[in-house]
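Taking the form predicted on its own, here's one chain by itself in structure tokens.
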Amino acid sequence: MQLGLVGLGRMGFNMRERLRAAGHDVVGYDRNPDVSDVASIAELVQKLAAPRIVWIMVPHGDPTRQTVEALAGLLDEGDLVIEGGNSKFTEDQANAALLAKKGVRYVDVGVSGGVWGAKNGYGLMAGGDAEDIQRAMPIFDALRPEGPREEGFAHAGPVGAGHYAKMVHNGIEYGLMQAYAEGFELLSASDVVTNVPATIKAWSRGTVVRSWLLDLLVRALEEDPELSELRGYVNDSGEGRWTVEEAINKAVPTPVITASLYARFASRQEDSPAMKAVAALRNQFGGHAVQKSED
């Protein structure tokens, strides 16, 4: 099957390689000429036989919006755009409406698998009309992990459902990572446990907390047993915030996901103004000792 792929970064590049290994004809475009197959999106469209399929794999927000706008001016009726970045689900309806003016179809897909996806396959959550999903199924089958389709691919619902599902997936991911991180810190603070990496590795088989994320933590500890080479500063790419926002909108309690998001915010503060206020209040009402900034 032939398709165009716009965006050949860490995810897109590996997706192109996996699709090609499965026998698909992929024409890739990226602003980096060292990895791009063509010089422009227009040239990419020209190289595809109609009806075309173009998969977008660029950062969410303006880059995705600009790419959709560019394709709206280049594609024809019957073509299909698949948006596979981490866009907010509320943006999908606008993208679909813009393309629909030209008769171009639209599917949104949440993609999970990170840099390991080229080897292990990607978990895929798609939103769109059933006929559009079925049309692109050979692509989805090539990208997903081996095994039953339903264990690596879901048609989650109409347009927007794929990115909604991925948003919730990433919110859960925040909570899982935070739980492992807190367990690591508590073990490290213990006077009883003397081999933290071995303890965590022993959880890899048979225990109820085993997971791929745990395997990745084991791998990181094998490389740096005390994680001393890292700084405890953690960014967030947006999905955790959107999950919490949506939970508030739906009045669904998500204390674990919310706490994990706030923990990331706290990681970026060299000296928390909020905790300065707490220290001052404890000193005022109870005479509790405080540490001066020069200490």
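Just so you know, these numbers come straight off a predicted model, no measurement behind them. For every residue, the number given is its place in the sequence shown, counted from 1.
The following text describes the form predicted together with a small molecule, which does not appear among the structures shown.
Peer 1: Does any part of residue 199 reach within 4.5 Å of the small molecule in the predicted bound form? Heavy atoms only, please.
Peer 2: Contact check for residue 199: no, nothing within 4.5 Å of the small molecule in the predicted bound form.
Peer 1: Residue-level question: is residue 169 within 4.5 Å of the small molecule in the predicted bound form, judged on heavy atoms?
Peer 2: It does: once the small molecule is placed as it appears in the predicted bound form, residue 169 has a heavy atom within 4.5 Å of it.
Peer 1: Could you confirm whether residue 71 comes within 4.5 Å of the small molecule in the predicted bound form, counting heavy atoms only?
Peer 2: The answer is no: residue 71 has no heavy atom within 4.5 Å of the small molecule.
Peer 1: Taking the small molecule as it sits in the predicted bound form, is residue 264 near enough to touch it, meaning that at least one heavy atom pair lies within 4.5 angstroms?
Peer 2: Yes, residue 264 lies within 4.5 Å of the small molecule in the predicted bound form.
Peer 1: What stretch, of 33-41, 235-243, 252-260, 62-70, brings heavy atoms to within 4.5 Å of the small molecule in the predicted bound form?
Peer 2: That would be stretch 235-243.
Peer 1: Just one of 91, 173, 129, 141 has a heavy atom within 4.5 Å of the small molecule in the predicted bound form. Which one?
Peer 2: When the small molecule is considered in the predicted bound form, the option within 4.5 Å is 173.
Peer 1: Using a 4.5 Å heavy atom cut-off, which residue among 78, 147, 225, 114 comes into contact with the small molecule in the predicted bound form?
Peer 2: For this set of options, the contacting one is 114.
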